[in-house]
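Below you will find one chain, with nothing else, as structure tokens; this is the form predicted on its own, and questions on how it binds or moves follow later.
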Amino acid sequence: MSQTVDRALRILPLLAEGPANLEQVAARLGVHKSTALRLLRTLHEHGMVYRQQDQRYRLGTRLFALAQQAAENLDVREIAHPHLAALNERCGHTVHLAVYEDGEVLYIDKVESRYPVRMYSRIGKPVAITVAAVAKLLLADLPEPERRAVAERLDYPAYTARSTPNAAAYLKELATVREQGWATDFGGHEESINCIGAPVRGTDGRTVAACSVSAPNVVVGTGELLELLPLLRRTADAISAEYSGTTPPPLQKANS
């Protein structure tokens, strides 16, 4: 990278901390004020920085517009699919990716199990929002007032004896999911199907999608399924890193 480009790029995280004047920018870069002024003028011409009336510089609106445009053009399904396929290749079970849209949790990708007993879930189909692991992850990350409002307006069908019975129980479970960072559905929707899920996060740390591994209990028990949790979480972290352009965080223990 050229020295000029390097210096210009170093100005942006500096101004992200707050407005700074010419002297402060020059001192942080370790350059003469004339050099700093040249860089700031160029960034200003491209809308990357803005000079305030007090002669201090801040990040420009063009930078935020570019960031928003880039975020809107990201396709989490396209990014996630190779990771989901690799996860399926390693574990053999059904893998899903889901998002929360317009009050529903929808599957947007699925990689089928290699075993003959398969799930009937379909891409584009809403999930059972009160019991599905992916739904718990997506709703657990909502702001508290919205989370409570959603929980209180939902119906709570008794799919099985293990289904979530009411809003109070759901909110309690969402709090646990929010704290531990992963979720389960052990027979809550179908007695014979168990599932574990992990969140996919965006640049702001918020959950943008959730991925899961599901399997019939005739194929794998809950204990064996939970042993796949570290692998699932590594997959979710890898998707998050590629989606947000960051380094994946260190994996926590499954029981943390």
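Don't overthink the numbering: it's just position in the shown sequence, from 1. Take the two forms, find the largest set of C-alpha atoms that superpose within 1.5 Å, and that set is the rigid core. For clarity, every value in this text was computed on a predicted model and none was experimentally measured.
The discussion below concerns the form predicted in complex with the DNA, not included here.
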- Quick one: in the predicted complex, does every one of 178, 182 and 222 get a heavy atom within 4.5 Å of the DNA? no
- Considering the DNA in the predicted complex, find the one stretch among 222-230, 26-34, 186-194, 58-66 with heavy atoms no farther than 4.5 Å from it. 26-34
- Hey, in the predicted complex, does residue 41 get a heavy atom within 4.5 angstroms of the DNA? yes
- Message: Within 4.5 Å, heavy atoms only: does residue 21 come near the DNA in the predicted complex?
- Response: yes
- Yes/no, residue 26 Cα shift of 2 Å or more between the shown form and the other one with rigid core fixed: yes
- Message: Once you overlay the rigid core, does the Cα of residue 10 travel 2 Å or further between the shown form and the other one?
- Response: yes
